[in-house]
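Single chain ahead, written as structure tokens, the form predicted alone.
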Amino acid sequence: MTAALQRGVAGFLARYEGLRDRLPGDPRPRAEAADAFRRAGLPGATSGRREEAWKYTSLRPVADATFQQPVAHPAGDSRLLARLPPLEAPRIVFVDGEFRPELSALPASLDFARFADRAEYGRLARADSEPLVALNTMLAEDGALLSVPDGVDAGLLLLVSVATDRAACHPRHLIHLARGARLSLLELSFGDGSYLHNPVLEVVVGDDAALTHVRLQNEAPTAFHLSTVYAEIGERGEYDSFGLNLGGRIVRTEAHVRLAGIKGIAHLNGAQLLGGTQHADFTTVVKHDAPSCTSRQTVKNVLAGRSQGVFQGRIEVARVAQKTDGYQMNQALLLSPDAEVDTKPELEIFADDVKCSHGATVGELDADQLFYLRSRGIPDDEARSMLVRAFLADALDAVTDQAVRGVLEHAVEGWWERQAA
């Protein structure tokens, strides 16, 4: 099928009906997801219908856009990888949601399978309550199923998604770390044109295991990036996540994390650099379901033009989760009087021996600091760039791998150069 699909919910459902007999795996979860998506629709696309979780973000532009089935790409087209950072590491590459073995360099230290060959949805994702997860479950055709065995340090792995104009892709990824396993994952998303990238990633971190998950979202300026992550952390396990949002017209990065074992740790840090009319939403739900667990969330926003940044962070502490330590902080730097930030931190606590807090700050560049730099002969644009980089420095310092942090710093520098141009 090469013609543009019908817009909106009806268009996605029509695509499902056209593909349902060729989609991999058990058809029952897909049929249930299609029913859920039919009932829920795209948040904000139906007038008069209000959803609290989507209070600040409307997907009406997604409903108004048209997409078509991705076209086939020539095998071995290495031009698709021209924007990859020069890192010596294994990589798994998807183009328009399809695994590309000739562009990938598979790791030997972990087990890899394709969702297209072994359609496993996992047990954490909730297609019945999350409309974008329902959309993904309904239409997912491929993805990476990764498993790290007991005690194995799998090192650094790149998970790359490239999209082309008018494509709508819904990759489904699963990662399982067995007891004592370790993995560093750098997830990269970019493309050209106007397209939809709607991935779902499910992570299970076993006892004493550790996953470092860094995401660089640098989609095309007219693209839509709507990602959902589910993570469950075992006893003394650690999930250390950092997301950098740079591209996209409308972006939603949502994470649902459950601390299921005693002394588990979750870090959900991030930064959003937006300009023009970009809209990016960083939403998290952290569930403390075991004693003596720790969660940290620090998100920084740099907003120029008429952009809008959103942070919604929710910490839920169960009655059994005594000695919980939870923290949220959202900070925004407004570079324009027309930029907007919306922040909604929430705490729901049923235990009595806990330490939980949240905070938010909103400001602009310090006039005294700017004057000081300019009085030392530093041009205005360079002075502003220095102050922005200083604002972001401690956020990027949360990424301890020097090579990966270098990739993020290079991307931030490129963003600032585009704003100053």
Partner chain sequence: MLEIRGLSAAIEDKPILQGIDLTVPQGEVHAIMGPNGSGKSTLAYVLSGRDDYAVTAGSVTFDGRDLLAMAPEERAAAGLFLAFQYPVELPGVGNANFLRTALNALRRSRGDSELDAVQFLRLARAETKRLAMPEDMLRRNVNVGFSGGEKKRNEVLQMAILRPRLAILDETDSGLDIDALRIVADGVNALRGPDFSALVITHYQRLLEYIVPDRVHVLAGGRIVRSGGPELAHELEAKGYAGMLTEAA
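Quick caveat: nothing in here was measured; it's all calculated off a predicted structure. Numbering follows the first chain given and starts at 1.
A second form of this protein, the form predicted together with its partner chain, is not displayed here; the remarks below concern that form.
Contact with its partner chain in the predicted complex, defined as a heavy atom within 4.5 Å, holds for exactly one of Asp368, Asp26, Asp353, Asp64, namely Asp368. Comment: its partner chain is not present in this chain, but in the predicted complex one of Ala53, Ala31, Ala360, Leu387 has a heavy atom within 4.5 Å of it, namely Leu387. Looking at Asp35, you'd find every heavy atom of it more than 4.5 angstroms from its partner chain in the predicted complex. Residue contact check for Arg60: none of its heavy atoms lie within 4.5 Å of its partner chain in the predicted complex. None of the heavy atoms of Glu364 is located within 4.5 Å of its partner chain in the predicted complex. Although the partner is absent here, Arg39 lies well away from its partner chain in the predicted complex, with no heavy atom inside 4.5 Å. Heavy atoms closer than or equal to 4.5 Å to its partner chain in the predicted complex belong, across 378 to 396, to the residues Ile378, Pro379, Asp380, Glu382, Met386, Leu387, Ala390, Ala393, ordered by sequence position.
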